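Before any questions on how it binds or moves, here is one chain, the form predicted on its own, in structure tokens.
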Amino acid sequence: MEWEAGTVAVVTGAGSGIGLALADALARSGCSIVLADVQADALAAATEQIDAHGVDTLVVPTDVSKVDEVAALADATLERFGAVHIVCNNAGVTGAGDPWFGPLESWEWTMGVNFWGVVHGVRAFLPHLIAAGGGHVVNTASIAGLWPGLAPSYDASKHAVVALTEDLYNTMQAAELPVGVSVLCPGWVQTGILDSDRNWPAELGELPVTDAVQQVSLDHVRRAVAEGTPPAAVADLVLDAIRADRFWVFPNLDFLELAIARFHDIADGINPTPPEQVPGLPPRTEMMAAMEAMLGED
């Protein structure tokens, strides 16, 4: 898909990280931008940054887990611009607390934003993309959508995003509709995803507690994220994928090797085995030793 000045792009989770980078890159390419995010202060700062490009900008505070709010986002977009051409369903969170023994609300929150947010976005905007004569949908998943090993609720939500996005692509192809589809599967990227519990909804009760053992792993992951790929580099890959009508977007090819090895094990009927080395993290033996030492201190 090629676009020109005035092409309308909607980005959820646009207040920071990959979402802000996508909005910035699309604005620099001449798109009118619709910014959606649940965090008011981040959205305000993002708006100032995007406005500096001199493009038409619409700001719509949105909790993507709520179908009515995503429908309102679509309505506001059409009311302001009359059409939509690019939709980036990007908003995402990590889980909070223990996935197996902690409160179920942590799963509800993660699936609500990461999975249902994408479902709501596709369903709300797809008819308008078709009506505009064509466009492109980008759904942000994760390499965790192909290789589980980060956090259960997060991994499950991102597997679901990969699956629904591939189904959407196949549907558009079978129906010969002029809507391109891409799925973004990054590894470590310099974002605030590990602090997403700052937006924990009060309606779900108290924020689940991260225990000491979980914190050991979290500290390693936090360092890996801080040293990860800049969001702007990820956004450039996404724009290239939109232009080339390319489905898969992999910013971190070293992680892709883990996913490929996993699928080889599946084909051979081998039981799941954690890898000895995850890109950006210490060897598994060191992480296990640190956790065992922490448990021994209790």
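All values derive from a computational prediction rather than experimental measurement. Throughout, we count residues from 1 along the sequence that is shown.
Omitted from view is the form predicted together with a small molecule, to which the following refers.
Each of 18, 39 and 192 comes within 4.5 Å of the small molecule in the model of the complex, counting any heavy atom. Taking 121, 186, 180, 97 one by one, only a single residue has any non-hydrogen atom within 4.5 Å of the small molecule in the model of the complex, and it is 186.
Only one listed stretch (193-201, 162-170, 98-106, 74-82) carries heavy atoms within 4.5 Å of the small molecule in the model of the complex, and that stretch is 193-201. Residue contact with the small molecule in the model of the complex: residue 113 places a heavy atom within 4.5 Å of it. Though the partner is left out of this view, residue 130 does not reach within 4.5 Å of the small molecule in the model of the complex, counting heavy atoms only. In the model of the complex, the small molecule sits beyond 4.5 Å of every heavy atom of residue 151. With a 4.5 Å cutoff on heavy atoms, residue 64 counts as touching the small molecule in the model of the complex.
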